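Shown next as structure tokens: one chain only, the form predicted alone.
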């Protein structure tokens, strides 16, 4: 079975695993801050995915949010980048609006991406060069939009942050409106479908964006950091994804703001 087909089957199995596991009690812990949560279900789901991949492909490598692959420093060979539950706060508080996200890269090049909206059981997926799909329905190419006539997805926390809030505030004022779904993977999936025209994040990890980047690319969209710089899939960075027109427009709000650039360089370093 080819990697793409195996990945689709695996991510659906992971969704089944989560829905069954949710019927039992689970433990909730905090990571670096009280709002950065992890549960037993996150850890168990990542282990399930990890074990299944290595059973099938013993020579593949895996990076996971909950601790697998912390020693990986290059993209040689086949690399799986896994978020077992993206949107853990939603999982804990709402028991919905969370996703499993898996991106696969071969020698650093995108191979396939899969995002499962677990409770709605919708799978967004794409293989490089072959288009993107929601379940079995091919997604249409994105249409260009401008900010004034667009919904954009962003977390309101960034609007009030010193050093970066001014740039985000300008975006909020100029957009038709904003949304926040609480799961970066779902935000990117919704961007690929055109439900929102763009999604913006100040800081994401590779497991948050690796699958979404591939899916968005396959519908003609663009993903960079907020300064318009290319993404290294092994590193944390800001993310700006959307159709080609709004992407270019939004970069202008950030790469022209000296305070934002200084804060961004301090957080993410120089490219």
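If you're wondering where the values come from, they're calculated on a predicted model, not measured in any experiment. Positions refer to the first chain, counted from 1.
Another form, the form predicted in complex with a small molecule, is not on view; read the next lines as being about it.
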Query raised in the report: Do residue 150 and the small molecule share at least one heavy atom pair within 4.5 Å in the model of the complex?
Result: no
Query - Interface membership of residue 196, the small molecule in the model of the complex, 4.5 Å heavy atom rule - result: no
**Report entry** Residue contact check: residue 201 to the small molecule in the model of the complex, 4.5 Å heavy atom
**Finding:** yes
Requested in this report: Using the partner position in the model of the complex, report whether residue 184 sits within 4.5 Å of the small molecule, counting heavy atoms only.
Outcome: yes
Query - One stretch from 79-87, 162-170, 127-135, 106-114 that, in the model of the complex, holds residues within 4.5 Å of the small molecule by heavy atom - result: 79-87
Query raised in the report: Heavy atom within 4.5 Å of the small molecule in the model of the complex: which of 218, 237, 46, 208?
Result: 208
